[in-house]
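Before any questions on binding or motion, here is one chain by itself as structure tokens, the form predicted alone.
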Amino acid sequence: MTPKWDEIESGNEPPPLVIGPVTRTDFVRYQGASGDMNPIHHDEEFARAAGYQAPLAVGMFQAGVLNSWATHWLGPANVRRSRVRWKEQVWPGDVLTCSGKVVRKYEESGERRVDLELSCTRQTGGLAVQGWMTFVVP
């Protein structure tokens, strides 16, 4: 259930989401859904020829997981802004942890809003995706 305005404060952090280990099958499923069939994301030989240790995830896979986690908390209809920055590649076998917190609670354009800072980290501690979202809160 989406929290109400008086239930949210700056610094609130919902429970993190942990997924994985992610697999090449996860990557291929995402590729099929997105239409991005670049072989670097599923073909071992192609990925190695390009200088990678293995096929790597489509960047939007982990960005999508991160945004889905946030919208599950505050509601997809309430999204006003979303942006991400890719920081590290994600590989088969990685375990991803999505987390975030409210960094600002305010009113703008007649709406009650919150800004979130988000992160999707790998089991290594490396930051795969950094994100920011703005939501309207009823």
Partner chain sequence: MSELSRYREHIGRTAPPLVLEVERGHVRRFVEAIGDTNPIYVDEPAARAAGFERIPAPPTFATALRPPDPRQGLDIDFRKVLHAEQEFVFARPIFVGDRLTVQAKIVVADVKAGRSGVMDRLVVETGACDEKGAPVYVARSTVMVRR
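Everything numeric in this text was worked out from a predicted model, so none of it was measured. Numbering follows the first chain given and starts at 1.
Beyond what is shown, the protein has a form predicted in complex with its partner chain; the following relates to that form.
- Judged against its partner chain in the predicted complex with a 4.5 angstroms heavy atom cut-off, the residues 106, 118 and 138 are out of contact without exception.
- Its partner chain in the predicted complex comes within 4.5 Å of a heavy atom belonging to residue 40.
- Its partner chain in the predicted complex is not approached by residue 102, whose heavy atoms all lie more than 4.5 angstroms from it.
- In the predicted complex, at least one heavy atom of residue 35 sits within 4.5 Å of a heavy atom of its partner chain.
- Contact annotation for residue 95: none of its heavy atoms lies within 4.5 Å of its partner chain in the predicted complex.
- In the predicted complex, 79, 80, 81, 82, 83, 84, 85, 86, 89 are the residues of 79 to 100 with at least one heavy atom within 4.5 Å of its partner chain, listed from first to last.
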